[in-house]
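In the block that follows, a single chain appears as structure tokens, in the form predicted on its own.
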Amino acid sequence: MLATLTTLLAQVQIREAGSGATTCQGKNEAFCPSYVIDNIDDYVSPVLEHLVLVLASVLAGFLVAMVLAVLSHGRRWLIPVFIGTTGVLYTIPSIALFLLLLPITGRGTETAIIALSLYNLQIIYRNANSGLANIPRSALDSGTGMGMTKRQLLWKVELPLALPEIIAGVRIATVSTVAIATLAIFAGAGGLGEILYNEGVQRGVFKTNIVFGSLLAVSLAIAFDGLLILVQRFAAPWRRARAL
């Protein structure tokens, strides 16, 4: 009877130390799959938060970068200005940018999204600008011959033809954002950084959360990249026809 009570007390203490960690208590030196299985619900919220950070920041960065690309397309003197400005923003260390924004926007998701969006500008703008600059002259001449105005040429000829390169920039920016967003924990925005830092490092380098959190980030990056590859293929059917 005493042995049974002792066993039950030990199990309660283990559960209090870490929910579901009954099979991996104290095993910080290696990856423990059973801990992940027992605590799989604890990873849902960080993954969803990470998805929000990535999708919102990439969308915001895309919209701003496209506005800059359209503005500079007809005003070539703006290109060095925009490239230089977005380049300076891109070189700021991510943690430093989060900390610089904290006094202005406070801790939370908003600060993280602003910082991540600023990092996307350089990548997406460069690709969009390159795509618009490489439109075949014959396509422009054909549109002009059909009586299109400059605005019609932009929306009906130039942007559609530049779309593959624009999406290529979005692919790079998205994969990059998935990685950088893990540091959003320092802005109080949660995400996968919560698993890697709060649950991994602060718990005495708990390698299970560090390894699994990293696998989740890599999986998200691969999933986003694969999805955007499909979008890129369907956005440029003439390229598929040329390949055939």
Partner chain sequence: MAEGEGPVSAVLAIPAFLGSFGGAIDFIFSQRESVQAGEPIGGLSQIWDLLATQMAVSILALVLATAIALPLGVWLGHRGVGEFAAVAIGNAGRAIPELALIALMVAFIGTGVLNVTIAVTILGIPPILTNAFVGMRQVDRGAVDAARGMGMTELEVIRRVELPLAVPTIMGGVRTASVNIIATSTIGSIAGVKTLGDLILGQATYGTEGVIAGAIVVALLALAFELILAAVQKTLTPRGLVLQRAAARVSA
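What you are looking at is a predicted structure, and each value in this text was computed from that prediction instead of being measured. Positions refer to the first chain, counted from 1.
This protein has a second form, the form predicted in complex with its partner chain, left out of what is shown; the following refers to that one.
- Every residue in the set 93, 186 and 193 has a non-hydrogen atom no more than 4.5 Å from its partner chain in the predicted bound form.
- In summary, the region of this chain contacting its partner chain in the predicted bound form, judged by heavy atoms within 4.5 Å and restricted to 33-41, 51-59, 175-183, 64-72, corresponds to 175-183.
- In the predicted bound form, no heavy atom of residue 228 sits within 4.5 Å of its partner chain.
- Although the partner is absent from this view, residue 214 contacts its partner chain in the predicted bound form, with a non-hydrogen atom inside 4.5 angstroms.
- In the predicted bound form, its partner chain sits within 4.5 Å of a heavy atom of residue 210.
- Not displayed here, its partner chain is approached by residue 100 to within 4.5 Å at the level of heavy atoms in the predicted bound form.
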